[in-house]
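Next up: a single chain in structure tokens, the form predicted alone.
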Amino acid sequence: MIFSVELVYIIMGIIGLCCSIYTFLDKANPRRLLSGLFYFLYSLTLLLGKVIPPFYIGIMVIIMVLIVGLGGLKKGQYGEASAEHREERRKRLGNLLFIPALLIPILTVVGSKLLVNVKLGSLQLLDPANPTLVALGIACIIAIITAMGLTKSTPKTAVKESRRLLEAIGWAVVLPQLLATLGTIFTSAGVGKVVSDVVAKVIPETSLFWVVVVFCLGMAIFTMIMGNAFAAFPVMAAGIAIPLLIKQFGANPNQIAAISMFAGYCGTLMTPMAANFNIVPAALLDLKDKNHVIRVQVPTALFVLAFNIILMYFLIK
């Protein structure tokens, strides 16, 4: 293939590596060596994750955790333009500033839907196993180039801005990978079987309503623990959905999958573990209360969760 998911990770790793170098050299950062080491190790997991043995990747992750735990991750200075200069450029460019942001979702959809089976000669254009992710990566690169063209900026400026955003996100940048790994570990460890046994002892298996309630609540709670509904789904599917809802009550697997993921997303709205959705926005907006986003979302999450329970029950019934 021409554009593979591995290529996307390599590009991310190169950008992260450049960001770590700037952090190492930033004398305004009181923990520049430890902070730089954190981002350097993170970039290596992206750049060389396919060739580095898992054992050494694990050691690198442990070092990263120790750096964060010991307070070694700090922000630096980024040489940003003055507020007056930024305002002048904003007025000059106007709504054109939205073009790079709009290009990302548009090109991602176009690429994942229209280019998924396109070949150039004997080579597949996009990775057939991950067309959406590859299309997203390409869309981001095109958006960066477009932004540089609009603002007359250089690649150096793009890297510096990437570093500013990366350090604003901080330790949460590694959370998606860690949580995905946690879901795999839970599934391999047989947590789904444990859940199934507990459910069988606590609620009557003949009660469709209570099975649905426990399943949807379980999806939300496990998502709150793992920070990711995709990680929670294999556990709850193995423990409740497949043996009880599908095999015993004859539920439609497609409906169960869709609604259960929606129930899991309710848990996403209520947990700091979903850092990309809840903690990162608070950090980027410099909110004093880092859990403010979660507090605002809780009522909506509970209402939608209740709706999912009712919807699943009546669809199966």
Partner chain sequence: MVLIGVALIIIGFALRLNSLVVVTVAGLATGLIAGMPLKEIITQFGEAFTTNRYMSILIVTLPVIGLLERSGLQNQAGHLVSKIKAATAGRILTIYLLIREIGAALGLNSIGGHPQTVRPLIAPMAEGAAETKYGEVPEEEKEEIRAHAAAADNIGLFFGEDIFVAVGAILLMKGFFDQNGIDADPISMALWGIPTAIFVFIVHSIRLYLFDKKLDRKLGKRAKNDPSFSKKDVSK
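Positions refer to the first chain, counted from 1. Take the two forms, find the largest set of C-alpha atoms that superpose within 1.5 Å, and that set is the rigid core. Note that the structure is predicted; figures quoted are calculated from it, not measured.
Here the subject shifts to the form predicted together with the partner chain, a form of this protein not shown in this document.
Taking a 4.5 Å heavy atom cutoff to the partner chain in the predicted complex, the contact residue among I203, A147, L208, V116 is A147.
Within 4.5 Å of any heavy atom of the partner chain in the predicted complex lies no heavy atom of S20. Not displayed here, the partner chain is kept clear of L244 by more than 4.5 Å at the level of heavy atoms in the predicted complex. In the predicted complex, no heavy atom of L25 sits within 4.5 Å of the partner chain. In the predicted complex, at least one heavy atom of V173 sits within 4.5 Å of the partner chain.
Residues Q297, P299, T300, F303, V304, F307, N308, L311, L315 of 297-316 are found to place at least one heavy atom within 4.5 Å of the partner chain in the predicted complex. A movement of the C-alpha atom of L7 falling short of 2 angstroms is seen between the shown form and the other one when the two forms are aligned on their rigid core. A movement of the C-alpha atom of A135 falling short of 2 angstroms is seen between the shown form and the other one when the two forms are aligned on their rigid core.
Superposition on the rigid core between the shown form and the other one places the CA atom of F40 less than 2 Å from its counterpart. Closer approach of the C-alpha atoms of L287 and V174, by 3 angstroms or more, is seen in the predicted complex than in the present form.
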